[in-house]
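In the block that follows, a single chain appears as structure tokens, in the form predicted alone.
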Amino acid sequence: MPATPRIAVVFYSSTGNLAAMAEAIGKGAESHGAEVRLRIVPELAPPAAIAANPKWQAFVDAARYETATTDDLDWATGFALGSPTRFGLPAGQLKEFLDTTGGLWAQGKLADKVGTAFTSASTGHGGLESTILAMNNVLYHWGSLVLPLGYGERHLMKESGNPYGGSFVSRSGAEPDAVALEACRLQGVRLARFAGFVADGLAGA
């Protein structure tokens, strides 16, 4: 009997854009039969900075998601890492969490799992690709199998156009549009599909 893919979508979001993209990835994975955990990493910004942005404060106050732990990564057969860009790199909040995975890495518990990444920026050249590639660097060190979004679906070729991973340009604080969310949904389907393939292959090895 094929193994059920277990997908952990681990992300940082300040105003909710990355959360919406994470949910789309989760829905895509669930539509392919996966069990999904949506997990947000802890907020590290000072209260004054959060309070200066009403959307940021509202998102923090809503507290809609469970907090990520390394147990979520241990449980998963595939994971999606998400963060807004910060000068072409993932946010410090996500990096802080990823830096706690040394114990799992040392035990080889993150190897041979499937990983992918997604992001958002406020400008068209704000570091979408470099942020995804930076998150993928962690996957290489874990020994995970890096899964790009690619151009296999017509939507990805004709509409969203980023083979690295789901992405969105949030000009003037705009929320992710239907094009970006559909790309993320397709990324979730793809992640669940390949995580299932790998899990089945390892089980039969």
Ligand SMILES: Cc1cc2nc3c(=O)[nH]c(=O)nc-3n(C[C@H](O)[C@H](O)[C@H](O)COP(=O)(O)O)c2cc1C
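Each residue number is its position in the shown sequence, starting from 1. Quantities reported herein were computed from a predicted structural model and do not represent experimental measurements.
What follows is about the form predicted in complex with the ligand, which we do not show.
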Does R86 make contact with the ligand in the model of the complex, using a 4.5 Å heavy atom cut-off?
-> yes
Could you tell me if Q187 has a non-hydrogen atom within 4.5 Å of the ligand in the model of the complex?
-> no
Could you tell me if S120 has a non-hydrogen atom within 4.5 Å of the ligand in the model of the complex?
-> yes
Please check if A195 has a heavy atom lying within 4.5 Å of any heavy atom of the ligand in the model of the complex.
-> no
Just one of N162, N136, S170, T70 has a heavy atom within 4.5 angstroms of the ligand in the model of the complex, so which one?
-> S170
